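Presented below, as structure tokens, is a lone chain in the form predicted alone.
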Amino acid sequence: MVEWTEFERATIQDIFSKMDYESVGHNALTRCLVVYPWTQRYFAKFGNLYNAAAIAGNPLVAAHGAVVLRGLDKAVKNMDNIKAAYAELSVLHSEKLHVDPDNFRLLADCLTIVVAARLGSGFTPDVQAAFQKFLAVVISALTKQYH
């Protein structure tokens, strides 16, 4: 079980309470698909992903980015047992979708960049540490089924 400090809990809840899921999710997923083009293979049904402009303008990318962020909201609400909260998602991504688990880390890095840009000077080292700890726990829960 993960131990959370009061600062970490408050920080994660504060970040997500102010987050525009549609915009942040879209920007993070777009960044991931552009910067790491091999991640596009999981989104063949999304149509035109031929360049950065096409990816950024793709409504399916935008919609899935929002789904990802809403999925993280589940972790925010279940910080004391993220692994159990993500058990079904872990099975889905490993056994049905066959997502390379490294892609979760890539998307988390892109999300961190987008959140840092939004928070500006408010994204202090302590805030970053709490946010990245949270994402690491989520990634661990998502990749649990892979072990």
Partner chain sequence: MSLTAKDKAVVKAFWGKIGGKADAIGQEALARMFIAYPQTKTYFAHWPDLSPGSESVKKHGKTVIGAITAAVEKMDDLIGGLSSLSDLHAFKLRVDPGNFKILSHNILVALAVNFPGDFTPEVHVSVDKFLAALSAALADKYR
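Positions refer to the first chain, counted from 1. Given the structure is predicted, the values throughout are model-derived calculations rather than measurements.
Another form, the form predicted in complex with the partner chain, is not on view; read the next lines as being about it.
Engineer: With heavy atoms only and a cut-off of 4.5 Å, decide whether Asp126 touches the partner chain in the model of the complex.
Structural biologist: Asp126 belongs to the contact set for the partner chain.
Engineer: So, Gly47 and the partner chain: in the model of the complex, are they within 4.5 Å at any heavy atom pair?
Structural biologist: Contact with the partner chain, no.
Engineer: Is there a heavy atom of Ala63 no more than 4.5 Å from a heavy atom of the partner chain in the model of the complex?
Structural biologist: Although the partner chain is absent here, Ala63 would stay clear of it in the model of the complex, with no heavy atoms inside 4.5 Å.
Engineer: Taking any heavy atom pair closer than or equal to 4.5 Å as contact, tell me whether Thr112 reaches the partner chain in the model of the complex.
Structural biologist: So Thr112 counts as contacting the partner chain.
Engineer: Contact check in the model of the complex: Val34, Ala116 and Gly120 versus the partner chain, with a cutoff of 4.5 Å between any heavy atoms. Do all three pass?
Structural biologist: The answer is yes; Val34, Ala116 and Gly120 each reach the partner chain.
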